[in-house]
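Here we start with a single chain on its own, the form predicted on its own, put down as structure tokens.
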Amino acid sequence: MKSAITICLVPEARQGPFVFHPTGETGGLAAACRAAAELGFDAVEIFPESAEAFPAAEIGRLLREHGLGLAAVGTGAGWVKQKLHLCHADAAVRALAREFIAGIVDVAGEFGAPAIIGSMQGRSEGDVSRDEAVGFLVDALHELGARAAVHGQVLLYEPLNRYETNLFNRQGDAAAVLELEGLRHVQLLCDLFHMNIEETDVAATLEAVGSRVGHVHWADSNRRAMGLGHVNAGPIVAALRTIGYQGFLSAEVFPLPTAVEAARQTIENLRGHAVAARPPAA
């Protein structure tokens, strides 16, 4: 398994659960990548404003300079900045949401990374029934998963907790739909914070969904760095090893008490449980 840390490039998401922010104490993208490398992370996960605003040249240079990979690219700015989502009652808004995500799928694919659908999945509300909303979501996952496959990537779908969506909150329910619908190019993003709210047994759930696990957000019960809440990481790591998971454990957590301390706590926790030490950058 490999380690990753989140970098948010969206000013409107300044209060979100991302470790490094462009206007934070760490001084921007270059400083965040430098800190990630110095601490020994394998990769970064980036939350950009849009595909058009994705600083591809700068990111490429920084990844090469620091020996980092790109673990994944988030799409949530489409919701944060434009209130776009895949289950909106207006077909035109749904189309814009797909277009926004498709652009990030392409940008991520150029770096050999998957894109994430989390908050942009939306929810059923108003005149849109849950069955209709699930149908909209499944159609979008078919289209966008196929687009990711063109780049040799999967699309990551993230079940969220009940306070953020009323579509799929539990990993097993989401995995069942992916299987039923033949969504071969879509895998689950298993976020331990959401799972801590929704699952009876996080480790058992990971074993049950098995090969559908495509990415893991490594976060404690309070959305702080792992080890600063109530989650027992040992059984979770054992479950991931049982299913043969070799992907990223990525810290999508609050930058508390500071961004650097959250990152340091994360890498120390990961080295104690799951990942081999990567030599820190010189």
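One rule holds for the numbers: they count along the sequence shown, beginning at 1. Here the structure is a predicted model, which is why all the values come from computation and not from measurement.
If you look for the form predicted together with L-Erythrulose (LER), you will not find it shown, but the lines that follow are about it.
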(Q) Looking at 82-90, 157-165, 106-114, 139-147, which stretch has residues with any non-hydrogen atom within 4.5 Å of L-Erythrulose (LER) in the model of the complex? (A) 157-165
Q: Considering only heavy atoms, tell me if Arg223 and L-Erythrulose (LER) come within 4.5 Å of each other in the model of the complex.
A: yes
Q.
So, Pro22 and L-Erythrulose (LER): in the model of the complex, are they within 4.5 Å at any heavy atom pair?
A. no
Q.
I'd like to know if Ser119 sits close to L-Erythrulose (LER) in the model of the complex, meaning any non-hydrogen atom pair within 4.5 angstroms.
A. yes
(Q) Against L-Erythrulose (LER) in the model of the complex, would Asp42 count as a contact residue? Criterion: heavy atoms within 4.5 Å. (A) no
Q.
Just to make sure I understand: among 250-265, which residues lie within 4.5 Å of L-Erythrulose (LER) in the model of the complex, judging by heavy atoms?
A. Glu252
